[in-house]
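You are given structure tokens for the same protein chain in two forms, set apart as structure 1 and structure 2.
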Structure 1
Amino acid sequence: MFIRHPDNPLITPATIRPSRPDLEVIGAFNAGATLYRGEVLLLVRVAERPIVRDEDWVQCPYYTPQGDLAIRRVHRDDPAWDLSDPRVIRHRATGELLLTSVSHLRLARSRDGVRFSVSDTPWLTPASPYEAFGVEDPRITRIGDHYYINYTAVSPHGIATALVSTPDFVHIQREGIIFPPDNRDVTLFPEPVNGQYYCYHRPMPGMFKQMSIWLAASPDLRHWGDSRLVLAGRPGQWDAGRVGGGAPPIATARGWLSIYHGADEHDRYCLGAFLTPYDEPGRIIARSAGAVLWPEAPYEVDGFFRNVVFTCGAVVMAGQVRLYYGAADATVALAEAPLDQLLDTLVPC
């Protein structure tokens, strides 16, 4: 039921100015989305890597505690390192991991939600030891007159979720780490329910490995507790391998609509949807049987990481869900569906 926009992909790495002359942009994807003063605003995850000057060396960028970008170089013939994964390299003896790219967040704005003007400079760059390997996958939630942006903070200390807030997308207040590692795919509810703030989050237990969507509650958006499991993958289905929050919950006449991602055992990422009552965000009352969007278009099937559609944000305009999504960890794309039709397809459970 989601219809891909004919101009897809809307934002590609080639259109993004690198943050430094010695870097190249290899991904512009997984964008948070919101409406702001008559425009659609996106915060795009921009992944960069050092420009390759010598194919014999792998270059691994990271931010120092002083906030400077530094590069570790590893020779391709060095047997101490496992270089089989293009995204991350691993020291065979110590287990140390280094990433081959580093992400920051970039603001893009559009009057029609299709043609975006992307800022030439970063909106948020790594600025703490918890962000040494980058800031990723932002979700934007308007709560009252502030916008809260949570994002994944990646470093040798793990994969954590941090929060910033802004009244105007100019002044940024850092609110600290809200979920210690490993935890990502946090989606904040846009208003308090029963006097508490809520969010979905996705812990990543290392031993039991069950990657499911949990709910947490907070009095103030900074301190979170009362965590409980909400939605798990279904064996044998498209979301069997793992699930995680996608776009922040959307208030509808039938309850809270969430669009989430699921992956199967082959790391093929699709999107699904579920519904909870307005006053019980931990109770699933309906869920899409199949995926609502799956990798099919060439820019979804091929890219930096193949077979991925992954959302960090959607907006509702004139009864249409405009779903912004990352395609193949490379570009920003758009698909649209009538909200009522999307709700109609969910199967009560």
Structure 2
Amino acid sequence: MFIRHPDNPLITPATIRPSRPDLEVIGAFNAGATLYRGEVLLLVRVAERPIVRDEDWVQCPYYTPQGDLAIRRVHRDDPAWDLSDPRVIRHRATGELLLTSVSHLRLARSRDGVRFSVSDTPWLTPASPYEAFGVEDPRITRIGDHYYINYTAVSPHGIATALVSTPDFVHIQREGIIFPPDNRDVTLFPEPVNGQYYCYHRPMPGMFKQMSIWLAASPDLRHWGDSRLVLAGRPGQWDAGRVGGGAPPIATARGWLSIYHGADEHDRYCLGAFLTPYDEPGRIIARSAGAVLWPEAPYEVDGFFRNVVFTCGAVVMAGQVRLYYGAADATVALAEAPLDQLLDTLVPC
């Protein structure tokens, strides 16, 4: 259903200027998307790491409570550390985690939604102890005359969800943590439903390990409760391992359309879709039988983390769903599908 744009990938690390001369950009991906004054705006997750001077050491960047970037070094031959995942290293005895890169958010603009001009400076950087390992995976939701950007705040305290708001993408108001650790993949609805704000979120339970999409309600976008399970993975299918929010819900004539991500037991990330009634966002009435986009192109199959397509944002233009997605945790790509045809493929539940 989704057709990849021939110019993919649209944004790559090579097109991004590092925020500091001693850092290199290794990923530009998982972008939130919105329409603003005749342009498509993306907030791109930009992952940077210290320029490698000695291959024998893994350098793990982090922000101090004073807001300074510091580096912790771990020798590659140290048996105490598990280095099997390129994104993170784990201490085998204590379980301590360190990231091999640190992320900030960068603003990109386009008149046609394909050719983007990316700012040379960060739009949002870590600014609290809860963001010591970076700010990641933004989702942009317009509510009234403001744009609300929720993002993943990563630190030794865990994975939390934070919120900022802006009327113009120039002035930024930090709203603080809205979901404590461990919770991520929050997607805000673009308007109140039955007098309340709603969002989907993905708690990360420890004992039973099932990572599913939940619904929560709020009177003010900051205080959330009344959580309930909405969607879980399906055994033996492409989303058996875990599911989580993708692009913020899209209002259609048939209800709320949500594009979500799922992973199998081998961490192969694909995208699916589901539909809920306009006044009942917690009740699924249709769902894609299979994935609507899966890793297939070379830039999705090979990259920083292989076999990944992952979305944080989509816009609807001229009846087309324009889906901006991260490919292999390395680049930003675009795929498009007619909205009505996409809805027609969903199977009633």
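Please note that residue numbering is based on structure 1, beginning with 1 at the start of its sequence. None of the values given here were measured: they were computed from a predicted structure. Throughout, rigid core stands for the largest set of C-alpha atoms superposing within 1.5 Å between the two forms.
- As summarised for this chain, the first structure is the form predicted in complex with another copy of the chain, and the second is not.
- Core-aligned CA deviation for Thr94 between structure 1 and structure 2: 2 Å or greater.
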